[in-house]
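Here we start with a single chain on its own, the form predicted alone, put down as structure tokens.
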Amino acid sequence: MKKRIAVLGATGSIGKSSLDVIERESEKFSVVLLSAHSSRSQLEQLKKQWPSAVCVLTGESSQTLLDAIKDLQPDIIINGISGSAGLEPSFAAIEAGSNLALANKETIVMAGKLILSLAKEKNVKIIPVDSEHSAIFHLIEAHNAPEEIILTASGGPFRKLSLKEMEKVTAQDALSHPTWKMGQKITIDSASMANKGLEIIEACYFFNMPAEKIKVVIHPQSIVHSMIRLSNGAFYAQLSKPDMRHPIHDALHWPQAARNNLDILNFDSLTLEFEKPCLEKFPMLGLAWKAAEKGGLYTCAYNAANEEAVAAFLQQKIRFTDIPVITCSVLEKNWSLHYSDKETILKADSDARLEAVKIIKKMA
């Protein structure tokens, strides 16, 4: 019997890669639900390709998507929605009893303890789709609990720039990622390394590891997708070409390790580089470690402040280097309240955004 799949954020980079994987293995998967935020014409084209799928434009009604998830109860829901908008659909997926292939890292950053607890209660699996967390997920399955997790980062387009040079970069500069083709928000996050900051927080929750056990190393080739170190000192790594179809394929087939027909690495001419990240140039990393250590709603506030700052940068209201300044200022407020419900998380998200907007207005 075919697995019934929902692809949320179907017109984005994750959605397109997901549908490519599904199309390649159409004998194993069927698409029952597709969503997009505002790309009506692209969604209409997908409807022609997948005529039996329910198609939802969430910019018109997010509740329609939540209702469709509840009604259809897919076997697997791929959440490729960008930003905090992906939180409610993740909750809906778990409530519907669907396994969740999660590319929306904000779900875990904002509500990690709550959503993981709900998944356990509903007996569903959250399978990470981020290439780094997918790598760690499968490495831990193979080798058990690690002593340390090492997240790899491309370093983005500004890896070799000085801090002074970074003050002058434009949105167009920041959107020119050297390795990955992604949406605007995640590409800016990669340039500031806020994306890796979010992944630090995500790894703490996903793998029940303290923040000090999560390390980051710059690896510009994006071939090693992350590593773990065991107590005996041995390191284990997952290597593949920088292609999101690999972790998506693995998530759709989990718990089996199925063969795929994607390109494999050629070691005949492969050079791998690693270097330590500069926290002075990329303060979003340090802020993420601090937020993860403090717990409570600090990680939710980190995400909200960063989202507002990135939006302001794209609108040319602030400089690129103002993004961590705004995030740091928001995190200076008290976010120590421990949450036990979704409403508390959404209230903190709203409050942090209001605080960030105040700071942005003073800068503009």
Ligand code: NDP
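Bear in mind the structure is a predicted one, so any value in this text is a computation, not a measurement. In case it trips you up, residue 1 is the first one in the sequence shown, and so on.
There is another form of this protein, the form predicted together with the named molecule, and it is not shown here; the text below is about that form.
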query: Proximity to the named molecule in the model of the complex (heavy atom, within 4.5 Å), stretch among 315-323, 47-55, 34-42, 328-336; finding: 34-42
query: Heavy atom of Ile115 within 4.5 Å of the named molecule in the model of the complex; finding: no
query: Contact of Ser82 with the named molecule in the model of the complex (heavy atom, 4.5 Å); finding: yes
query: Partner contact for Ala153 in the model of the complex: the named molecule, 4.5 angstroms, heavy atom; finding: no
query: Lys105, heavy atom within 4.5 angstroms of the named molecule in the model of the complex; finding: yes
query: Sole residue of Met166, Leu139, Met284, Met182 within 4.5 Å of the named molecule in the model of the complex, by heavy atom; finding: Met182
query: Partner-contacting position among Met244, Val224, Ile218, Ile126 - heavy atom within 4.5 Å of the named molecule in the model of the complex; finding: Met244
query: Sequence-ordered residues of 289-308 touching the named molecule in the model of the complex, heavy atom within 4.5 Å; finding: none
